[in-house]
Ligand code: V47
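Given as structure tokens, the chain that follows is alone and in the form predicted alone.
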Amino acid sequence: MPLEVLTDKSGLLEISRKVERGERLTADDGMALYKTPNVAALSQLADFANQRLNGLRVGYNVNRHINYSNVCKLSCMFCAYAKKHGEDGAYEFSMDEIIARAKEAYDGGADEIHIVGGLQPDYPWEYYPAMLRAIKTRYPELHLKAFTAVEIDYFANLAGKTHAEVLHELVDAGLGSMPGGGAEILTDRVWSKLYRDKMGPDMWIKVHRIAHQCGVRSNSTMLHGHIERDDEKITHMLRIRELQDETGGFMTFIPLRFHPENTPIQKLGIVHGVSSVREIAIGRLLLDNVPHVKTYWIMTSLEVAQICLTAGADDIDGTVVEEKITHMAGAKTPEHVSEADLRRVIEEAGRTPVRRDTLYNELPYPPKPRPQRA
């Protein structure tokens, strides 16, 4: 069915024309996108916008997560990951355990290690650059995507340094980029109800602005499916769009589905597949200046992620390995998927799989042999 006919039936005809002309959508347009019941029309419109940017290419990477400790000084209402010392399920990886996981990643052909953890009350600031340096000196081929804006802000307070000074020291130690976690919903109402002890929305924006000014590229996220309103999600995305206009430092936008199990707000329940598709599509349409939109299969399932590839997403994350944060909140998805499976999922969606590095440069497939390292 032609795009114009489909969107006309859904009440999205005027928005469709704006998208086809390459015009920027407004907050009112965003509300209309949330209100339409026709997810098929919304998906087709977002797919059009995505293909104009990225064609049929879908990126993925071979990566490994290292969640170095879940001991955290904060107690956010939506978090099942954070624990206190001595609490059941609390853990801390030793430096040797971190290096062993990095070796497994390198030996398994990974290009990236994704490193995040709790706000550890006992580690000195020097521990964090030492961690990066220990990995990077042994495995220089690995890109280290590490530490959310929340962690960077914590490190600055811990060290008595500016955010820029902390970032420069981490870059010198091997930091390659930052993940986008910790944004949740960038509005004061949600912040005050669910995570008021954590840095506020303005500080998340500030830290990413400083990171971009320091030459550190980053991702952006949005946690949906809890107490947020549609207008707050729009505010969140438009704040990201505004910063991207200023710095150009965001690589991708990643809607994250809230998993309530084992959290203080588990009675809210979990949203399902259509919600994930809708957030991907609206993210692609509103964030016209962010080059990539990622469907994070760990939170959605591979099946829903595959559908999102036809609804505005052009990236499916990576092989992951040993993800703890979402699984401690009840996720039933696997903690690892093979590169062959990722490529098959992408191809079944009618798209072209592209192995990429963290900064979205295409890598050869099959990969070239790399040196053996101890």
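Heads up: residue numbers just count along the shown sequence, starting at 1. Quick caveat: nothing in here was measured; it's all calculated off a predicted structure.
Below, we refer to the form predicted in complex with the named molecule, which is not included among the displayed structures.
Q: Determine whether any heavy atom of residue 182 comes within 4.5 Å of a heavy atom of the named molecule in the model of the complex, and answer yes or no.
A: Residue 182 belongs to the contact set for the named molecule.
Q: Quick one: does residue 155 come within 4.5 Å of the named molecule in the model of the complex, counting heavy atoms only?
A: No.
Q: Would residue 299 sit within 4.5 Å of the named molecule in the model of the complex, counting heavy atoms only?
A: Residue 299: yes, in contact with the named molecule in the model of the complex.
Q: Even though the named molecule is not shown here, does residue 128 get within 4.5 Å of it in the model of the complex, heavy atoms only?
A: No, residue 128 is distant from the partner.
Q: Counting only non-hydrogen atoms, choose the one of 131-139, 300-308, 221-229, 97-105 that falls within 4.5 Å of the named molecule in the model of the complex.
A: Answer to the contact question: 221-229.
Q: Does the named molecule come within 4.5 Å of a heavy atom in each of 143, 217 and 355 in the model of the complex?
A: So, no: the whole triplet misses the named molecule.
Q: Where, within 233-268, is there a heavy atom within 4.5 Å of the named molecule in the model of the complex? Residue list please.
A: Stretch hits, in order: 254, 256, 257, 258, 259, 263.
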